[in-house]
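So this first bit is one chain, no partners, the form predicted alone, shown in structure tokens.
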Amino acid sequence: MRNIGDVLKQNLMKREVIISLVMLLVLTYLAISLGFPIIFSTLILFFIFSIVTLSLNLEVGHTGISQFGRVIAVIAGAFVVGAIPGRILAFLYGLPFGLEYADDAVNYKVVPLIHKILEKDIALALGFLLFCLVLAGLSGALIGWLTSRPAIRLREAYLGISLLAFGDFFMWVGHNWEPLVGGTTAVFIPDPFRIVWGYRMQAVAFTLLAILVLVYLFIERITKSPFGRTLKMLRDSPLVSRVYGKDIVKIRTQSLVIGSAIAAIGGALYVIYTGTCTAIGFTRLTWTFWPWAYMMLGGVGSNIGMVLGVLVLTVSRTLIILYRKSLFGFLLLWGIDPIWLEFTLLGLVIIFIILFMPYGLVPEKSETVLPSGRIKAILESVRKQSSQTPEN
């Protein structure tokens, strides 16, 4: 019993457990004081950005690619969901589906008609959701392959600047080409959760939680596999990778394809949740800088750190938005509106974490190829064999 107590105490003192318990207490307080809607909206954003940040960590934290264009894959997933699935349903049910579909004068009439169809057919709604996710994943994989072409030849800052430019390019294409996703106006997304309209937010939250768990387990499986160890070897020393005969171009391409497919699914889930797709909303601030901030604060290369980094900053941002006016209303006397303090206070949170935890909330832990128990057994076996060997 003493050993069990010691193990339990040791696990409870782990940094990730302490952070999780603190965040759970904060969310419980918000639920009691403000109700569950604010909790569900906070958790939904946490789930979406966790998916996107985990994909970024696969490429940056585990592979060492200067991925400053995370927004590219997110845009790919969002745009393909905004442009294609709704048109297919409109075509099947005899509604306008051509270039005019994205026109706001047509789109706001067509999508409500599609909603009436979806809310009566659960199989169609689930099929539509699955089709959106598969389509987004494929589009993200394609974008990942395309962006891997410069990744083959460029390194460090040159690659980062190129990917940044790609992200802005795709955003402005969507913003100026109206038939894609409405141009300067938003295009509405058919809602697969229409069938549970009274409990939509709860259904979205639990669906996103399930997808996040699957993505986390998938990336954990990858990073602990021989392929994951190859990624880390490439990250730590490209020269050693070449010496061992690894195809660096192929490895980088595979990492970008997998990571971009996951990020595109995150972008698709975001527009499905919001119900609209607006090109100008996919900026590098929200979909590249924030995932980088989450990753660095969580601990580069640490998957559980990514999730906790997103959770801490998402909850912190919610608290700042909710209480900035009541806590800093006195600043109005000096002509400062507290509504603009969101990013300033969030920046202070980031600086505070960096000062006291320079390697992130949960730094990456070095892991042996074999479990520690197996290594001890091997060493013990070798020791016994050496002790039984007669001396010459």
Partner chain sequence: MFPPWLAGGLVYASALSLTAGGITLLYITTRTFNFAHASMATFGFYITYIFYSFRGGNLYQYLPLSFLFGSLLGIICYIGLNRPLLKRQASTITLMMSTLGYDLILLSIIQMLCDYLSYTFKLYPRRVTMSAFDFEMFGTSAASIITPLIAITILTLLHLFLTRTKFGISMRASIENPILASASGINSDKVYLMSWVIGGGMAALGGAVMSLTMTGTPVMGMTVIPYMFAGAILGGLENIYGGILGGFIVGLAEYVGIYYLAVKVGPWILGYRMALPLLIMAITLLLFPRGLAGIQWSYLLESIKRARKGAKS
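Think of the rigid core as the biggest set of C-alphas that the two forms share within 1.5 Å after superposition. Residue numbers count along the first chain shown, from 1. Remember, predicted model here, so these are calculated numbers, not experimental data.
Omitted from view is the form predicted together with its partner chain, to which the following refers.
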message: Please tell me whether any heavy atom belonging to D121 falls inside 4.5 Å of a heavy atom of its partner chain, as the geometry stands in the predicted complex.
response: no
query: Hey, in the predicted complex, is R87 touching its partner chain, heavy atoms inside 4.5 Å?
result: no
- prompt: Contact between V243 and its partner chain in the predicted complex at 4.5 Å, heavy atoms?
  reply: no
- prompt: Is the gap between I161 and its partner chain in the predicted complex 4.5 Å or less for some heavy atom pair?
  reply: yes
One stretch from 225-233, 172-180, 203-211, 131-139 that, in the predicted complex, holds residues within 4.5 Å of its partner chain by heavy atom: 172-180
query: Each of L34, I39 and L126 near its partner chain in the predicted complex, meaning some heavy atom within 4.5 Å?
result: no
- prompt: Looking at F166, Y216, Y273, F97, which has any heavy atom no more than 4.5 Å from its partner chain in the predicted complex?
  reply: F166
statement: Interface check vs its partner chain in the predicted complex: of V362, L30, L346, I44, the one with a heavy atom inside 4.5 Å is L346
Contacts with its partner chain in the predicted complex, stretch 50-68 (heavy atom within 4.5 Å): S66, F68
- request: Look at P37 and decide if its Cα position differs by 2 Å or more between the shown form and the other one after superposing on the rigid core.
  value: no
- prompt: Taking the rigid core as reference, does the Cα of Y323 move 2 Å or more between the shown form and the other one?
  reply: no
task: Using a superposition on the rigid core, decide whether the Cα position of L346 changes by 2 angstroms or more between the shown form and the other one.
output: yes
- request: Since the Cα separation of M23 and I353 moves by 3 Å or more in the predicted complex, tell me which way: closer or farther than here.
  value: farther
- line: Evidently the Cα separation of M295 and L345 changes by 3 Å or more in the predicted complex, so the atoms lie closer
